[in-house]
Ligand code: U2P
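In structure tokens, the next block holds one chain alone, the form predicted alone.
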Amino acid sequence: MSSPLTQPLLCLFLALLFVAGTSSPARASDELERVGGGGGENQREFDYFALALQWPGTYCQRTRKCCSSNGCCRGSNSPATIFTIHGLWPDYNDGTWPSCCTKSSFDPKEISTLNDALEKYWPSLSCSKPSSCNGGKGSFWGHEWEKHGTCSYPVFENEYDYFLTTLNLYFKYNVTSVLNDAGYVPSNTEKYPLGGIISAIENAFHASPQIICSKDSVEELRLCFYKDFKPRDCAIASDAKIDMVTSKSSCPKYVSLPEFASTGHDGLQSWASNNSAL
């Protein structure tokens, strides 16, 4: 069964991909992967989706080793100034989530036609290999499909629809563009009001996001959707917005969107200004 976004937005995706290819360019390792979700087959159907986006400027400052799979180490091709995709996660309204719902193994051939877009907008930001649901280690995309994508039935029944629809959601709900238009741009010197960032997202998409911070830097921003991909609040209760931002993600009242510049495979990233500004 194809998702509602797969066919209608395919042309949009291809058009945006062409445009994006002329311009400068999510969570990659398990460091921030949520713990406590269920596992195995016979899990109940999920309630909603969370589109998890990661800010490379925060992730990549932890880079200590470069490799070909690490998007932080691609020089001018590194995703320096945009949010990138971490994953599309089926979640439950009670705060838990299903995981590893089938024994289906990831097949990279199924999404080979999407590779260019995935490398640009859904890159791994780490050299580590995440765990596989079937034992051992695998690729970043394989991890996202096996742990989360297999639990998205009946909305998705195959890898291709899962990855294509996630890309389409990312383009349609362009968080980077919304924040830039509101004056929230990458900087190692500026601090922005957290409430202002939340309001910019709410005004654009009519739903409240969830924001995760590392110290005072935005690390991840999540948008939530009903199964038909209409936006919804990430917080269940109306009074939970601030709690989700302050207590669960430990974001201060003023946060940064740090920028970075990669030196490529032969060296670690260099920073536009020193780390004291972060």
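All residue numbers are counted from 1 along the displayed sequence. Owing to the predicted nature of the structure, the values given are computational and were not obtained by experimental measurement.
Although it is not shown, the form predicted in complex with the ligand is what the next lines describe.
- With the partner omitted here, the stretch from 169 to 177, 109 to 117, 90 to 98, 152 to 160 that lies within 4.5 Å of the ligand by heavy atoms in the model of the complex is 90 to 98.
- For Glu146, no non-hydrogen atom is located within 4.5 Å of the ligand in the model of the complex, even though that partner is not displayed.
- With a 4.5 Å cutoff on heavy atoms, Arg222 counts as touching the ligand in the model of the complex.
- Contacts between stretch 49 to 79 and the ligand, counted in the model of the complex as any heavy atom lying within 4.5 Å, involve no residue at all.
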